[in-house]
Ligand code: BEZ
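Taking the form predicted on its own, here's one chain by itself in C-alpha cells.
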C-alpha cells in the first residue's frame, strides 16, 4: 500500500498514529505530497479528485481517501481493534468526528492566514473558525473525559492529532487554561510513542 502523505496534516497524522499503534508502519510506503486549495502542487488529484491527503493506494482496489475511511479500512485490515463494538462504537465515532471538525477548522484558519492573498483575508472568518474549535474543546472537557480515560480508540487518536495540530499551527492561542482536565490528558497522551513518532515539525 502507498500512503500519500504530508506530515503536518492532522488527518495524515491520524492514519500514521494508527499504523504505529498497530505495529504496521512497514505495511505502507509513504509518498510525499504537498499543495493547497489554490495550487494542488503534487497532491494526488489522479487518485483523489478532491486533491487532499491522506490518500491510500491499495494493491487490491481503488484508492481510498478521507482519513475516516482510511482508518476504518486499516483498522479492519490490520485487526487493530481501535473501533470498539457498539454501543461504545457510537461514542468513538462521534468523538472522532468532533476531533476532525477541530482539525478542519484549524486547517481553514491556516489557509486563510497563509494561503489567501493578504488583501482578501478575513479576520472574521478566522475568528469564526476558532469559535468552532473552542466550542468543540469545551464539549470534550464537559462530556468526553471518561471516554478519554477508557482503552485507546480512534476517537482518542483523532483528538490527539487535532490537539497536536493546534499546538503546531496555533500555539499563540491558549486553549489549555480554561480546560485544565483536557490539558492534563493531552500532556500525558502526547507522550505515547506513536504520538512522539508522528509529531509534526
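Numbering follows the first chain given and starts at 1. Quantities reported herein were computed from a predicted structural model and do not represent experimental measurements.
A second form of this protein, the form predicted in complex with this ligand, is not displayed here; the remarks below concern that form.
Against this ligand in the predicted complex, the set 107, 110 and 169 is in full contact: each member has a heavy atom within 4.5 Å.
Just one listed stretch, out of 20-28, 173-181, 186-194, 7-15, contacts this ligand in the predicted complex at the 4.5 Å heavy atom level, and that stretch is 7-15. When contacts are judged by a 4.5 Å heavy atom cut-off, residue 165 counts as touching this ligand in the predicted complex.
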